[in-house]
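Just the one chain here, the form predicted on its own, laid out as structure tokens.
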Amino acid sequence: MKVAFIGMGTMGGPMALNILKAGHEVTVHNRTREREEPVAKKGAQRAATPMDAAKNAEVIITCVSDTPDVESVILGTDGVIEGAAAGTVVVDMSTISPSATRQIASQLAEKNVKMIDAPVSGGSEGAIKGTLAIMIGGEVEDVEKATPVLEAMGKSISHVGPIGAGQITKAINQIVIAATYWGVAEGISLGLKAGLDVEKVVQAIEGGAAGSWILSNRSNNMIKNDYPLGFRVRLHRKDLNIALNLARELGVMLPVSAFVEQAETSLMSRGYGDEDVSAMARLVREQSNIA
């Protein structure tokens, strides 16, 4: 299948490589052009603009940082909408506003270009390994057309409803992990303060009801107080803002998410916005006087 992939960031680059490995023809574009080079060296073509990338593609994937970025690469000057042929499926794998997703889909539909929203979870590790969880909103036939490409990137592919439903599901995902990150940070800090071998503590509890991907994969960061990038604090805060805005629209109370959003705002103000989300343990450690 001919695939255009726009966005060669921490997630997008490895995702595009996995599509190549699966045997699809891939054309890539990134605003910072040098980020296209690792994928191009593996056989992808390069395009000067999103419009150029979209030409002749059957499936067009966007994976960029925020709602304005998606609007720009799809609807802006030299955007996807100017190059995509009728019947093409645009797959937005960014995490953005559900309402903006529906508006973008509506404008694409005027040119008979289809769209599904397919945000992901699984961090940079999942992007590299091709084991992402993919949450999809859109029409059944459009999802089916894109599925061979999606299967190259994810091990869990769930069609959850109409356009925008994928973004709402991702917002729920970010709500759940917000609470989990904070809970793991508190537990690790208590164990450290009590003088326990916290690695053994993690082994003891991860097989029971407290077990989670975050406990197994991010607790070591919190123990060592070192937070190499998996998923950036500032991007998770952006995602929580989407969830909180949706909650306000629907009249749903999210006090834990609001608290974590403020904690991440504090980390960003101190220059930690590009660290992994597990860096929220910094705040618990500091308040607990743990070096």
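Under this definition, the rigid core comprises the largest set of C-alpha atoms superposing within 1.5 Å between the forms. Residue positions are given as counts along the sequence shown, with the first one as 1. Since the model is a prediction, treat every value here as computed from it, not as a measurement.
This next part talks about the form predicted in complex with another copy of the chain, which is not shown.
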Between Glu186, Glu151, Glu139, Glu82, only one gets a heavy atom within 4.5 angstroms of another copy of the chain in the model of the complex; which residue is that?
Glu186
Answer key: of Ile223, Ala40, Leu229, Val256, within 4.5 Å of another copy of the chain in the model of the complex (heavy atoms) is Val256
Verify the flagged residues Ala179, Gly211 and Val252 against another copy of the chain in the model of the complex: is each one within 4.5 Å by a non-hydrogen atom?
yes
At the 4.5 Å heavy atom threshold, is Leu196 in contact with another copy of the chain in the model of the complex?
yes
is_contact(Gly191, another copy of the chain) in the model of the complex, heavy atom dist at most 4.5 Å
yes
Contact between Ser158 and another copy of the chain in the model of the complex at 4.5 Å, heavy atoms?
yes
Taking heavy atoms only, is Lys200 within 4.5 angstroms of another copy of the chain in the model of the complex?
yes
Counting any heavy atom within 4.5 Å as contact, can you tell me which stretch out of 68-76, 84-92, 105-113, 167-175 lines another copy of the chain in the model of the complex?
167-175
Could you tell me whether the Cα atom of His24 shifts by at least 2 Å between the shown form and the other one after core superposition?
no
Quick check on Glu186: with the core superposed, does its CA move 2 angstroms or more between the shown form and the other one?
yes
